[in-house]
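Structure 1 and structure 2 below are two forms of the same protein chain, each written out on its own as structure tokens.
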Structure 1
Amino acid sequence: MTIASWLLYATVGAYTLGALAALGLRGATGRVLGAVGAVTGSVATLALGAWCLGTDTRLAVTAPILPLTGLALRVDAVSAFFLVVVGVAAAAASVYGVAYSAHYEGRYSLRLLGVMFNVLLLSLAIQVVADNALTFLMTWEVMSLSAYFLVLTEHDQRETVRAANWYLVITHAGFAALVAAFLLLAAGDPTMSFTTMRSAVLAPGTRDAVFVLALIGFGAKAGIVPLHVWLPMAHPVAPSHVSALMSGVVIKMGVYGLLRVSLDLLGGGPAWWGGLVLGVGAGSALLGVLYALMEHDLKRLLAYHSIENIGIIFMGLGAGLMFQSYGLPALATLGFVAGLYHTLNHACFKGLLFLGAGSVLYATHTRNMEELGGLIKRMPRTAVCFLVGAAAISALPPLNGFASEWLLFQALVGGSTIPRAEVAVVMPVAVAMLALTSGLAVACFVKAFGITFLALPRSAEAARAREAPLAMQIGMGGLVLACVALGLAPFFVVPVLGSTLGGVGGLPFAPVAFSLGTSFRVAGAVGQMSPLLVALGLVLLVGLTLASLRGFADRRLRVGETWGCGRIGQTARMEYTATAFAEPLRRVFAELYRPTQHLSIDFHPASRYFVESIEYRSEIHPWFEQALYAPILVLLRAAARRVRRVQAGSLHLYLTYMTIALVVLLVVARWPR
């Protein structure tokens, strides 16, 4: 048995034992042992992916578990990369969850939480190595249902139930599209292996239909606009380590699926495939960050940023598909590499941010930023971790978000070489949208960090906050190291990603050219970047500043109040609020937000010249979502009322229905083709 086989069996065994421990043991013992299984399985998943990538190992396993074909698994380079993504985020979330889930004890079912958490991790690991349609679709369904039960952990909250239902409906609508796509791809044979699908010859119309269905199905899971509606509902209400996992990994299954089907199984397509993915990605990125700017719920803000970053990833995939269709393999590889690099980076910094938000929620019991503030003194380690995540997602050098977005900029700028002018002109527009998205993300995280961690506490809960437990700090700390390492070492990561894509969809096997050292240059790019020099420059700047202060400044310690415009006492009411911070941008994008305003003034009964109280409310409703989904809901409810008549409460009638259905199925099955 090879090392890769051992690691695969260790992954499956650890998750299974973790689920059984959580199911069979009560209280803290079951919680801890369930977490041990999750951590062990995650480490094995990470090791399996890294081993296969590092040694160029391929692994194929078939187990007689599923009917018809059994469980067909195959680890190739693309699978190995996504195993690494799953392993990194899952390991951090699992360690964090050991302590975080303790506050659910006695309130909600830890047994269900532990079982479903391990099942979700197992399904994620199996998902990316599935090697036929049946295995892929069944694992996809297990992943979706286990995530649904995890979102539903706080099931007594109305907001939670609503979010879980939306997630269930959208994910199953996407699943129906995926079933149709795979049936078309496999000519009606769900047991067909991916290897056979790659060699199948499909009519152009069928290929287009498969691509569109795959984009809908995987896009619903990824949370691209307009299929994103479940994401800002589900991520905030789930336990925070589950939110980190859903944002960092679960939505990435949409990225994996689209890459596997459009590039690997279909081998790429016409230019409009890439243009559609690029356009959807750019729209998702911009709308996601614009809605995030208006959010005061810390976890909902992060959820909207997941939409933004999925959009950025899709921009990379779209650019890659477009370049491939025009026979520009170097630029195509650069686009795909940028998308994959940002996939890994987003799993790290978004997982870190959700874990940081979870620590804030754990300590203050609120997600409302208007009730926070001053946490940097009470939770300094959490504040530092959140700051690193905020800088990374804002694409500030030398962290990992900067490296991948720089690659994407390079790929899009290279779009000027596309031979058709009407297509090439689209690329500068995409560059501008990416630049605008990055700038707005910086503004949003200045607000998120400043309002949450700086200034004075705005509530008693924030004033009494204490640092998160050690296990939660370890989980965040691991992702901080990953963000720094991935930002400083693109000269190591990019060639690995380039070799991962070698041969997939006709991309060249030649390694991506790069210069190892302080300068980093990629084939096809028009510029070069040096993350190491950027980091050294920052360290030098900080060192010179400190040295100057030490050498020339007055060393006497002086303690004084912050200047407050002449006021003597400073209170939290004088602070800049999240609403005030976002007000200028709300005015600029008023046509998009369309805020509603309500002003109520109560006058003194004796005279209307004396005001007793003034109440001002301004709310932003996502009109885009309402305009799209409200008519659909009206139609569905009308149809449900009609269908409800079928439910008469008669057992005889139900048996009649079943008999008719069986007869119809038998006729269809025996119908001559």
Structure 2
Amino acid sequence: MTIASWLLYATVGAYTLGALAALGLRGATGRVLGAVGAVTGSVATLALGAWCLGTDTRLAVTAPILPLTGLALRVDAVSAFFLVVVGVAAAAASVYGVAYSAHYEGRYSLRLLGVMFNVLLLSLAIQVVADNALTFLMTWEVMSLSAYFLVLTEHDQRETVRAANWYLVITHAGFAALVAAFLLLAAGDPTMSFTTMRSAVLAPGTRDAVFVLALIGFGAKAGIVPLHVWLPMAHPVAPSHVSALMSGVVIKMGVYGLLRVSLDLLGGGPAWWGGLVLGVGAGSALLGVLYALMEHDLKRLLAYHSIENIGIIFMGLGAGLMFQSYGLPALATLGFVAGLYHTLNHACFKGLLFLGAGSVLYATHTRNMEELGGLIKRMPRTAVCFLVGAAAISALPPLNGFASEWLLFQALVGGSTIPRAEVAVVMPVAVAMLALTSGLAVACFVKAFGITFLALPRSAEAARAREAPLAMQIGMGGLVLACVALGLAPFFVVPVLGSTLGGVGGLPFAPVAFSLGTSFRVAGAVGQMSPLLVALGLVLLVGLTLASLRGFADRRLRVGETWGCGRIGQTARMEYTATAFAEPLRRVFAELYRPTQHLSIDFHPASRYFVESIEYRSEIHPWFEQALYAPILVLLRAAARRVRRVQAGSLHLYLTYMTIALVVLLVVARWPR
């Protein structure tokens, strides 16, 4: 037994025991032991991924558990990388969950939560190491369903049930596409193993069909526009550590799947594949951030940002596929590395932000930013954690979001070397969309952090808020460290990612040179930078400024009231709100949002100059979603009405159906070819 296989068994064992403990034991014991299983399992997952990446270990396990194909597991470099992604976010979320789930006690089923949480983590770990289509699809379905049950935790809320239904329908539509894609890929091979798929020779039309089906199936899970509608509904209503996991990891399985199928199994394709992925990525990124800006529910805002970041990741993958098809291996590696790096980074900072939002929710019982404010003084540690996450997702140097976006910019700028000018011209547009996205993300997170944590509390709940429990702080703190470390050390991360991709889909083994000294250079990139030195410089400069002010400037300080144009006694009613903050951008992008406003003023009966009450309502209609989904819903309802006639309630009729179906199946199966 090697260390790697020990770690694999430890992963499976810990999650299983965790699930059993949560199922069998009642109350706090079950909750804590279930969480212990989750924590141990995710640490083992992380260790397995890191060990296989670090020592270049490959591992293959086959067990005859499943019919026909058996359960086949194989850890290669890509799987190992995704094991790390899963492990990091899962470890933080599980630690956090120990304390967070305590407030569900007596209200909702902790048993369901504990079991499904472990099952979800187990399915995530197995899925990225699956080596045949049946294993992959089975664990995919287990993942989808366990996530569904987790979303349903607060099942007595109408909003939750609606969100879970949308999630279930879209995820299964995607699943159908995936089954079709894998059946086409397997091309009649009953073992459905990935190895034969890699060597299978498919007609170009079939390859295109597989790719498009995979893009739909994995895109639905990843939440790219227009298949994203479930995401902003489902993520906010789940328990916060589950939201962190869903946004940080579950939607990344779409990225994993698309990478596995398009690059590894199909070995890349024509340029339009990459162009399509790049296009939907850019569209998702921009639309995601634009909707996030208008959102004042903290967790929904974060959910929309997941759409944005998945879009950024897809831009990296799309650029990589494009470069690969034009025979530019160094640039292709750069594009994929940017996508993968952002995948890991997003798992860290989005996980962190959802955990931070969870702490806010835990302390104030509201997700509405307009009722928050002033939390930085009441929850100082949560505030610092959220601030780091906000700066990281806004791609501010020297944190991790910047490192991966910089790589993506470099890849896109490098796109000017594509030999066909009419294709290369697409790249500047992508650069502009990425830049607008990250600019708007900065604005959005100034709003999110500023309105939630700064100024005066806008409600009694916010004024009474207390700091989150220790376990929750540890969960957040771990991810803060990850964000900082991943930001400072691209010279370490990029070569590892490069070697992850080495050999996959014919990509070269990472031609990456780097130095700790002054600069950090990547093959294919046209620029250089070193976030480590930038960070050192910033720290040094802040220190120098402080020191020189000490000798030179006046150090007196007086605390007074905020200046309110001569008005005395400032209250929270005078503060800027989230709606007001986003107003300029709402006007600029009014075509997209189509805001509706309603103003009604009640005057005093005696005189119009005395106003009794003013009511102002403003809504943003997701017209784009309605236009897309309303016709589908109408069709589905009509079809369902027709089908209902078949279901007559008569047992005899049902037996007849079954007999007919059986006979038809037998005839089809025995039909001479």
Partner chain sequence: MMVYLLEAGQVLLALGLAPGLVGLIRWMKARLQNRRGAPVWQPYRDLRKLFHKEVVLSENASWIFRAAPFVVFASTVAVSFLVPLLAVPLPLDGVGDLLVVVYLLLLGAFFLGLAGLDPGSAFGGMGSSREMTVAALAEPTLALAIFALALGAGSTNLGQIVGRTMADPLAAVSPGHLLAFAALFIVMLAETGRLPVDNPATHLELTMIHEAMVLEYSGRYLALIEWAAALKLLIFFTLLGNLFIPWGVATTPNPTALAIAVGTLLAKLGILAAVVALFETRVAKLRLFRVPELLSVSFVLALLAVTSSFLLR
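These numbers come from a predicted model, not from an experiment. By rigid core we mean the largest C-alpha set that fits within 1.5 Å across both forms. Each residue is numbered by where it sits in the sequence of structure 1, with counting from 1.
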Q) Structure 1 or 2: which one is the form predicted together with its partner chain? A) 2
Q.
Given a superposition on the rigid core, I'd like a yes or no on whether residue 205 shifts its C-alpha by 2 Å or more between the two structures.
A. no
Q. Under a superposition restricted to the rigid core, does residue 555 display a Cα displacement of 2 angstroms or more between the two structures?
A. yes
Q | Threshold 2 Å Cα movement between the two structures at residue 579, rigid core reference | A | no
Q) Following alignment on the rigid core, what Cα displacement (Å) is computed for residue 188 between the two structures? A) 3.8
